[in-house]
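Form predicted alone, single chain, as structure tokens, below.
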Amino acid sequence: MSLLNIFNIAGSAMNAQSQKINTSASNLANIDSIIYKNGKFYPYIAKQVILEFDALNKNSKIGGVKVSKIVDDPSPMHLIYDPHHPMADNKGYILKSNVNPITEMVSNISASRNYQANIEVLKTAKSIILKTLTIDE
């Protein structure tokens, strides 16, 4: 295994974590959004990023990570009583997005810390390579 694989592995992790941060930002930005589809209004459904192992080659047990897919969060929508809301049903309830701001912030902080950890891995690899180049000096 080459020392240069570290750059591929850490880079894949940084890409995956940035995708998680983007998804979390999208969820928070659309927490009050309404989607018009097929003649009806629907609340925004939170998205989740699913990551999977990405082997360096077929027989390798080490490797990076990649985004497997982005799926809708199966959490139930919030039912809010607001009889004066223009989109309230006959009983005065409206459906709101299933985005949980606390969960999104925790996910955002976790992804940010993972991203920073991979930057440190890259810094360490760079330092090792530079030290290796100066062995004969």
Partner chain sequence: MFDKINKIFDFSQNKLNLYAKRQEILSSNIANADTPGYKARDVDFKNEFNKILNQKDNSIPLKKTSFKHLNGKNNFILIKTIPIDKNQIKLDGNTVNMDRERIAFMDNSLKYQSILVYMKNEIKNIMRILKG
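Because the structure is a prediction, the values reported are computed rather than measured. Numbering follows the first chain given and starts at 1.
One more form of this protein exists, namely the form predicted together with its partner chain; it is left out here, but the text below deals with it.
- At least one heavy atom of I62 is located within 4.5 Å of its partner chain in the predicted bound form.
- Interface residue remark: V67 is not counted as part of the site for its partner chain in the predicted bound form, having no heavy atom within 4.5 Å.
- Using a 4.5 angstroms limit between non-hydrogen atoms, Y81 is distant from its partner chain in the predicted bound form.
- Among heavy atoms of D89, none comes within 4.5 Å of its partner chain in the predicted bound form.
- Note that among 95 to 103, 34 to 42, 72 to 80, 108 to 116, the stretch whose heavy atoms approach its partner chain to within 4.5 Å in the predicted bound form is 108 to 116.
- Along 21 to 58, these residues reach a heavy atom to within 4.5 Å of its partner chain in the predicted bound form: L51, E52, F53, L56.
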